[in-house]
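Let us start with two forms of the same protein chain, each given on its own as structure tokens and named structure 1 and structure 2.
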Structure 1
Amino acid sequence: MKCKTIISELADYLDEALDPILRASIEEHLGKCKDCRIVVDTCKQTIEIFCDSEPAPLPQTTRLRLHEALAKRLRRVRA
């Protein structure tokens, strides 16, 4: 298996969407190729860092405007 194949299968590998045979040959390559190991690991960390990041609280003015707009619409529905 070539390094290029690892990259083209990387997304499915990280998402555990590969068939077991392809997965096993990728892991065999990763056992021998340090560069590919680093790329896979740092790519995995990239996803986790974004995935774990908490959205910032809404700026106060933004929140106020959102809830005012909703209240206005809800009042109209009630009327």
Structure 2
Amino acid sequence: MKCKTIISELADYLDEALDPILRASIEEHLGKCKDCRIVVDTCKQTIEIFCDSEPAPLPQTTRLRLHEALAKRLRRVRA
């Protein structure tokens, strides 16, 4: 397994939504790869920190920029 695969499957891994064989393969890789283990642990900690926090309101300019970026990305995906 390659580190790139870990990153692409990270959300499903953290959500425990992976096929058991793929999950086992990822866990084997994590046992050998310090860099990927750091990424996974950091993501877990970030989720734990923000899971119980209240959402912060976005400034209007940030909200508009985000919506524009998402719309642009969706147009590229659909094209």
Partner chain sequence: MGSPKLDPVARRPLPSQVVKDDESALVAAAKAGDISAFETLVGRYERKIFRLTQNITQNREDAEDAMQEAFLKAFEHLQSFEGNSRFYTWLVRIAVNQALMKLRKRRPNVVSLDEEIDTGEDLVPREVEDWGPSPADRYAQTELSEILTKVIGELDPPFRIVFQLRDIEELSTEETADALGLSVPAVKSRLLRARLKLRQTLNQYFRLGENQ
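Since this is a predicted model, take the numbers as computed values, not measurements. Between two forms, the rigid core is the largest collection of C-alphas that superpose within 1.5 Å. By convention here, residues take numbers in order along the sequence of structure 1, the first being 1.
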Structure identified as the form predicted alone:
2
Ala71: Cα shift of 2 Å or greater between structures 1 and 2 (core-aligned):
yes
Answer yes if the CA of Asp35 moves 2 Å or more between structures 1 and 2 after aligning the rigid core, and no otherwise.
no
Just checking, between structures 1 and 2 and with the core aligned, does Ser25 shift 2 Å or more at the CA?
no
So with the rigid core superposed, the C-alpha of Glu54 shifts by how many Å between structures 1 and 2?
5.3
